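Given as structure tokens, the chain that follows is alone and in the form predicted alone.
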Amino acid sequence: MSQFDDTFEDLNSYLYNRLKQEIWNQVYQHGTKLRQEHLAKEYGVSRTPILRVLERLTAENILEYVPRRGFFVKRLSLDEMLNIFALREVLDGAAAKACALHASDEDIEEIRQFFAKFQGKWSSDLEQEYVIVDQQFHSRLTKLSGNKLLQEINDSFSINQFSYQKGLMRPPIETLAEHQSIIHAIVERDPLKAQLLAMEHIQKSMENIRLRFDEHKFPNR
């Protein structure tokens, strides 16, 4: 008997979001086999909704299905990772441009407040909080863009979440100034500058990935 009393759709959404987040948090490392029986027992549900979630994550290229072996957390190649970031470069650029053009004054003020608290020396706790705010910032720009198709693409392929896996992020000391420059361009209602800065921000992260692969430092290679 399931521990959930919510609707069928709510249960599947919960399982989907929970498992995907655990994969991003590397509870399940790349290459790990995900067993239906184990997940069903852990989540307190039957195997049927687990199978639906595994199939959905496979369609999103987060998992890989191997016939007669099962579902595995996909180990992405360098080219696959760069392709995802190339898509994010376009999406983030479009979101920043749209915000500069169409965001309300209230929304602009909200954007301006992002990262305001991050000044001075960095502690481990502050760096962890920065990662959360970083992700919230980019997600918020996507939503404030008003472009539903852009939001659907980002959500369907987990573009934003993918970028925050361990080993892919650059340190805050590198990215804070870049975020602040993007924000300044949006506040100034300069759409082309906001778009360019957002795209350059992602391009630098792509270079970081290439470097880590070249130096054999990427943790899940």
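We number the residues from 1 along the sequence you see. Remember, predicted model here, so these are calculated numbers, not experimental data. Rigid core here is just the name for the largest C-alpha set that superposes within 1.5 Å across the two forms.
The next section is about a form of this same protein that is not shown, the form predicted in complex with the DNA.
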Which of 67-75, 140-148, 101-109, 117-125 sits within 4.5 Å of the DNA in the model of the complex, heavy atom basis: 67-75
In the model of the complex, Leu34 touching the DNA (heavy atom, 4.5 Å): yes
Partner proximity in the model of the complex: Thr48 to the DNA, non-hydrogen atom cutoff 4.5 Å: yes
The DNA contact in the model of the complex: Arg189, any heavy atom under 4.5 Å: no
Partner contact for Ile23 in the model of the complex: the DNA, 4.5 angstroms, heavy atom: no
His30, Arg52, His184, Arg170 - the one with a heavy atom within 4.5 Å of the DNA in the model of the complex: Arg52
In the model of the complex, the residue from Leu19, Ile209, Ile202, Leu11 that sits within 4.5 Å of the DNA by heavy atoms: Leu11
Per-residue C-alpha change between the shown form and the other one, Leu39, threshold 2 Å, rigid core fit: yes
Residue shift check between the shown form and the other one, rigid core fit, Gly70 Cα at least 2 Å: yes
